[in-house]
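Form predicted alone, single chain, as structure tokens, below.
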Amino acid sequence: MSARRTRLLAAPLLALLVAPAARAEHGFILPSSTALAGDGNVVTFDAAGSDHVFFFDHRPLQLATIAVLRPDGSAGTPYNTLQGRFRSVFDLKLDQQGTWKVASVQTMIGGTFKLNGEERRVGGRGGPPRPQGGIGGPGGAGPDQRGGGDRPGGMADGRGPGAPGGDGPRRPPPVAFEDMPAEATDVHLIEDVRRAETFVTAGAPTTTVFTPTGKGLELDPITHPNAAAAGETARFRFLIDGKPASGLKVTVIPGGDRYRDEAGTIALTSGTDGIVAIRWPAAGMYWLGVEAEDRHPAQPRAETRRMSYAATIEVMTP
């Protein structure tokens, strides 16, 4: 495991809970191009979660979580969709001039409850998340969807240490949040909201796709992401539920960290206005990541909300 893997914030409550799914350290959507001229261009996207930036070594982002926003705010439609073992792939025809947003948004509920005095898990390794929206399409269930046998810390059938092939008592399998029994007690749940985005522009940049939804952790850029240039400074504002989020730890990593002794990480903290200023050291693809936690989940039965945001930004030569 890489020594550079980002660690989640620790809290006493979270120590009691099981995360909804094994969180890949770097979720990303990687476009083949981000700025194009002319009409009818096609961009190919790779969507994955990985230990190393823009390297396919962990899992695909589920196609069902992918949504496209066209420059006029309407929904776009990817095609040639394929979900593989380590990444999802799709094409997008830029049939409208301006800036497009491609995003994966996933909300899951995980944690624990008791039934007849026995502790049970919600989510976790026993089954797939149930994302809302997205493009769906062909590709079918990958290993993550069939029970998470590739996830660390246990087996998909609920066996822990000591079961046949283990060294502890057999645990009951986890259940989906929607299937929690009404008589459950000692309910402790986390709402886990993950967002990964990238932006591509055909012709002149536009800003409609950046209109905040007012829900969760979002990017409200002051500098257009497709205007990033080496040696220049970009200013990005982060919002939580539509309000500037101060004190957020922002991580920026240039692509290719797998092949470097040092990741080249740029660590920043958002100001009281939610803004960070990033001076790009060189041209290339960059991963930008932010995490936050609060006590304001949308799901009433959850106690904590865990949020993550990631963006892929191409920095050009000026």
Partner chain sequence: MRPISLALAAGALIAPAGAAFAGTVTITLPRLAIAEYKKPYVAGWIEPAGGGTARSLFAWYDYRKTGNEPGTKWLSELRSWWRKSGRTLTLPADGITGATKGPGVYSVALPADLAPGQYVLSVEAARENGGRELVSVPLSVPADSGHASGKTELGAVVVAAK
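Just so it is clear, the model here is predicted, and its values are computed rather than measured. Numbering follows the first chain given and starts at 1.
Just so it is clear, the following notes concern the form predicted in complex with its partner chain, a form of the same protein that is not shown.
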{"query": "Its partner chain: the contacting residue among 221, 244, 203, 173 in the predicted bound form [heavy atom, 4.5 Å]", "finding": "203"}
{"query": "Partner-contacting position among 229, 82, 115, 187 - heavy atom within 4.5 Å of its partner chain in the predicted bound form", "finding": "229"}
{"query": "Its partner chain contact at residue 36 in the predicted bound form, heavy atom, 4.5 Å", "finding": "yes"}
{"query": "Non-hydrogen atom contact residue 41 with its partner chain in the predicted bound form at 4.5 angstroms", "finding": "yes"}
{"query": "Contact segment among 188-196, 101-109, 229-237, 210-218, judged by heavy atoms lying within 4.5 Å of its partner chain in the predicted bound form", "finding": "229-237"}
